[in-house]
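Presented below, as structure tokens, is a lone chain in the form predicted on its own.
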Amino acid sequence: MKWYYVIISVLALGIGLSASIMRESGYQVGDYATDFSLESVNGEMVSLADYEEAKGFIVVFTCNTCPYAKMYEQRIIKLHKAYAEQGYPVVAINPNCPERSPGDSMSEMQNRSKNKNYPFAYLQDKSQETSRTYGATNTPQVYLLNKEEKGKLKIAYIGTIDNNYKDATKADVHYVQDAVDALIAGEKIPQTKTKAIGCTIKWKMT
């Protein structure tokens, strides 16, 4: 009977460690992000290095189909309009596998970008490698990057946009806005990590 309990304990420990590793996979605040090259809705390959004058980036993993992403869509556009000229443009990445989510195909992305007049780059992570490298789990989910010396991109904030996904007018804590404002002012970011609220990413079936 003792061996039974030993086996159960070992299995539980293994499951716990695996879950811990999964939670900690991807970038954490303070890590340095690597660049990527992803196809945009305009048919161009886009990298962060293309934005030579940028001081950082508001990288948003988002999509066409998630209701949360749709509710945050205008807020993402607003963030770009507010901060692109100050050096922090939005770069939106659709991480969803189009075979599992046909509404997130490149043609559907092109339609949405055109219909909603996206002012920012909207990219498709076809291989999903970038999304896995970042550790993205939901749409929408924000990674705020700050450019340091020699162009290194440090993760300054990870999480959600604000504290009311249903109604922008009722949000009274604007995490991303506060974080970008702090970077611009050279001040400490008040909150560097929050829980991303949204749909889980549709990964390729293996």
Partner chain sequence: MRQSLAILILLFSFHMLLAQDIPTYKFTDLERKISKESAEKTLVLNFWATWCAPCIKELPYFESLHQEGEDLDVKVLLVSLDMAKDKAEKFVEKKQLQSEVVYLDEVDFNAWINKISPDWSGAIPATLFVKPGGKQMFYEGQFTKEELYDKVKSFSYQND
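In this text the structure is predicted, and so the values were computed from the model without any measurement. Residue numbers count along the first chain shown, from 1.
Quick note: we don't show the form predicted together with its partner chain, though the next part is all about it.
| request: May I ask you to state whether residue 189 is within 4.5 Å of its partner chain in the model of the complex, using heavy atom distances? | output: No.
Checklist entry - Would residue 71 count as a contact of its partner chain in the model of the complex, using a 4.5 angstroms cut-off between non-hydrogen atoms? => result Yes.
Next on the checklist: Please tell me whether any heavy atom belonging to residue 175 falls inside 4.5 Å of a heavy atom of its partner chain, as the geometry stands in the model of the complex.
Outcome noted: It does: once its partner chain is placed as it appears in the model of the complex, residue 175 has a heavy atom within 4.5 Å of it.
### Message
Is residue 182 near its partner chain? Define near as a heavy atom within 4.5 Å, in the model of the complex.
### Response
No, residue 182 is distant from the partner.
* **Which of 143-151, 60-68, 25-33, 44-52 sits within 4.5 Å of its partner chain in the model of the complex, heavy atom basis** => So the stretch in question is 60-68.
Check: Are there residues in 96-134 with a heavy atom within 4.5 Å of its partner chain in the model of the complex, and which are they, in order?
Finding: Sequence-ordered list is empty.
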